[in-house]
Ligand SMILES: Nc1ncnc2c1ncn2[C@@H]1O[C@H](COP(=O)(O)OP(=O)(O)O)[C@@H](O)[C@H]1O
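Coming up is one lone chain in structure tokens, specifically the form predicted alone.
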Amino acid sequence: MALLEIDAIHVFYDKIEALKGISLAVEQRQIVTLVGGNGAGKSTTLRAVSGLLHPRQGTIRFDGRDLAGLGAHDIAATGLVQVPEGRRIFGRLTVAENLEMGAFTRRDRHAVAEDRDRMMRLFPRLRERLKQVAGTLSGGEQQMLATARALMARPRLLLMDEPSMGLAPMLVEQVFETIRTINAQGVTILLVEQNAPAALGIADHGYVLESGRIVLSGAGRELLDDERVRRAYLG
């Protein structure tokens, strides 16, 4: 059984159908990526999984549990945590306080302290910025913080929405290397990205979305070599 199973979901914004019956699966310890252009339905898929949107039809199951009727807070408590598009850190809080917010549902304070140390090793730049107000960080540092804050919740499945958006090419490379590292540490990842070459290059499996439908799926490397994908996304 897959860790995450999406079965024929339809999601609407008022009368506009954004997802038209998509189905996909994320296996334990995989990196699965959704690629596609603007408006394809990538971010909508993540919002449906995390409980910010509710499908009118279809089912979403996490570790065999139907998520229908659960709010975003309840879904996060199951171990399904999102790094949102645009970082959405707490700009008026310090870096340290943002990390504390990521662990606010946890009571295992010793383990929380260990995880904070682990975040400092994963993102050494944040160690230098712990007392700094988060809103004054650079874009790359804010992405590091948003990811570290999510990891402080000890997710079983990490949803990442456009983590490379707006970053310089050198930082984009670092972002994808970090995603590899997080996955190697045992975290399953569902990644939404417009940077198709980078995303498919690290993905175990990929799905291509167009206008709310999945039009292609397969191993990440296979999709990277697919002529249709190359024409549409790689130029």
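Because the structure is a prediction, the values reported are computed rather than measured. The numbering used is simple: start at 1 and walk along the sequence shown.
The following text describes the form predicted together with the ligand, which does not appear among the structures shown.
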property: Contact flag, R47 vs the ligand in the predicted complex, heavy atom cut 4.5 Å; result: yes
property: Interface membership of Q174, the ligand in the predicted complex, 4.5 Å heavy atom rule; result: no
property: Partner proximity in the predicted complex: G166 to the ligand, non-hydrogen atom cutoff 4.5 Å; result: no
property: Interface membership of G37, the ligand in the predicted complex, 4.5 Å heavy atom rule; result: yes
property: Residue among A18, A25, L224, I214 with a heavy atom within 4.5 Å of the ligand in the predicted complex; result: A18
property: Stretch in contact, per heavy atom within 4.5 angstroms of the ligand in the predicted complex, of 38-46, 57-65, 198-206, 179-187; result: 38-46
